[in-house]
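In the block that follows, a single chain appears as structure tokens, in the form predicted on its own.
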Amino acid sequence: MIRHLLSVADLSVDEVWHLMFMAQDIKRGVLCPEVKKIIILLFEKPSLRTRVSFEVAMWELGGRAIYLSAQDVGWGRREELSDVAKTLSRYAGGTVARTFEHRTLELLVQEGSIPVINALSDREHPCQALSDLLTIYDKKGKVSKIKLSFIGDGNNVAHSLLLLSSMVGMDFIFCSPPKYRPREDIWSKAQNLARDSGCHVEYIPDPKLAVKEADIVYTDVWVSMGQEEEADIRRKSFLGYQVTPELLSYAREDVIFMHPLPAHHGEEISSGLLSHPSSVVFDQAENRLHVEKAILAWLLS
């Protein structure tokens, strides 16, 4: 059966931990899987970490990655996406897609016959969340009785982290202006998952209260790609939600600070915060490579 990764919720909890331990072994050099296949990187949005990490991952697994931008393919203009999906299925072992709309991923799954990996959509960013979980586990040695406070926009990264935290039993506190909370369907699903795993999901609009006793403080950009027309409104709405050393001081003494990058210095974070002693941001970036190797080996083998 062909498996896909469009959402972290596509995985069982056992599969999540299988990927985590696999990524740890890959990172330590204990496991060196081979995946001598070709994947297509189908990207509507530009990228640094996602593109480079998937390309390096595939090369180091013994395969190849072919990058195609929206301009290269021209779906919706020069060619129907259904025809693109069927054609790519004849050439490659899998598609890694970075899209504006989650529906694009669903169509690739529906019309193609090879695994599809969500490398970011407007709904979720599962590869980032899984890499974050590896970082948290590496730094804290556990996830149960851990509190993650997310300060910022209820975007794709927040959605995947919310779902994944709820699956593995990690408390998740979300903090933003009311207008920018996560999607209601994802919030409701996370609450159901949290009841099963025994953790706590809560919305707290006050940043200082939200980070109290937090083990992890996480933030992301206030304005994502495709939201440029809302930039001024969003910046005004999020005044007071910037993560600073002062805000981190309300969390636990051994708090770690996380950000998926790219960061907008002076907006969601104060200048220099990425170099703060609590920051593990570049460990997060590195772990993208190890987790994506595990995902590719698991889905394509």
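Residue numbers here begin at 1 and follow the sequence given. Here the structure is a predicted model, which is why all the values come from computation and not from measurement.
The same protein also has a form predicted together with a small molecule, omitted here; what follows describes it.
Query raised in the report: in the predicted bound form, does residue 105 have a heavy atom within 4.5 Å of the small molecule?
Result: Because no heavy atom of residue 105 falls inside 4.5 Å of the small molecule in the predicted bound form, the answer is no.
Query - Contact test in the predicted bound form: residue 156 vs the small molecule, heavy atoms, 4.5 Å - result: Close contact exists here: in the predicted bound form, residue 156 approaches the small molecule to within 4.5 Å, heavy atoms only.
Requested in this report: Give a yes/no on whether residue 162 approaches the small molecule to within 4.5 Å in the predicted bound form, heavy atoms considered.
Outcome: Outside the cut-off, so no.
Query raised in the report: Can any non-hydrogen atom of residue 214 be found within 4.5 angstroms of the small molecule in the predicted bound form?
Result: Contact with the small molecule, no.
Query - Stretch in contact, per heavy atom within 4.5 angstroms of the small molecule in the predicted bound form, of 84-92, 148-156, 165-173, 105-113 - result: Every other range fails; the passing one is 148-156.
Requested in this report: Counting non-hydrogen atoms within 4.5 angstroms of the small molecule in the predicted bound form, say which of 261, 68, 56, 31 makes the cut.
Outcome: None of the other options qualify; the answer is 261.
Query raised in the report: Given that the small molecule is left out here, which of 130, 96, 136, 120 has a heavy atom within 4.5 Å of it in the predicted bound form?
Result: So the residue touching the small molecule in the predicted bound form, by this definition, is 120.
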